[in-house]
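Next up: just one chain, as structure tokens, the form predicted on its own.
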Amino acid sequence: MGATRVGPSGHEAGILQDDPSALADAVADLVVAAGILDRNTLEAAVAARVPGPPPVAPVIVRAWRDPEFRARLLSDAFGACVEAGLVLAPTWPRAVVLDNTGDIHHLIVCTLCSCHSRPLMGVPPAWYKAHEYRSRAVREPRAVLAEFGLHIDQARPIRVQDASADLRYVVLPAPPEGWDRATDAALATTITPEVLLGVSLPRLG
């Protein structure tokens, strides 16, 4: 077996590792020790690539509770998210939060590939990358939403937002029925990638 070294996390950083989590910790130790990334930025980057609740979920809940914070989120998404405690690298693509609580329904797509804000939304759903969604969302958004079970009133316009390498979008949905009686933790569970992309609505219970 090759030579080993014990990193700050206490794991051996040898060539061979029986424990994948120990290997991941050892690599993280090396990245931080080399000054490539600080610990918080590294952990946030990893979290954005692992399936789970969207990192921005508690930020959305705060926006429902606090009108002033909601206004800041809509005008400066990254600034408001950092204020709320998210760790965001300044080099990550800019994101804009779109208000789905008004007269217009926003639907997000990336027609070229599958660009979306991983730091805020986490791992994208498989369907978001599919050619069928990327092409049809632009041509017939109302029909696509209906297939997701979301029926938008004909009088309400649907605006399709095309994400790019430089600019990503996140939907701020209307809170679910009964939100004012629910805990923040319960409300956070209603925030899914589908909700943040505009193909679903948050629902309690």
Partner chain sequence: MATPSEPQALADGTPVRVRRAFPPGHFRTPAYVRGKLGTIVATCGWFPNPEELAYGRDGLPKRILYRVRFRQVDLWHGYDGHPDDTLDIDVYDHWLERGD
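Numbering follows the first chain given and starts at 1. Given the structure is predicted, the values throughout are model-derived calculations rather than measurements.
This protein has a second form, the form predicted in complex with its partner chain, left out of what is shown; the following refers to that one.
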| Taking heavy atoms only, is Thr101 within 4.5 angstroms of its partner chain in the predicted complex? | no
| query | Going by a heavy atom distance of 4.5 Å, is Arg156 a contact of its partner chain in the predicted complex? | reply | yes
| query | So, in the predicted complex, is Cys115 in contact with its partner chain at a 4.5 angstroms heavy atom limit? | reply | yes
| said: Is it the case that Pro141, even though its partner is missing from this view, gets within 4.5 Å of its partner chain in the predicted complex, heavy atoms only? | reply: yes
| said: With the partner left out here, which residues of 76-100 have a non-hydrogen atom within 4.5 Å of its partner chain in the predicted complex? | reply: Arg94, Val96
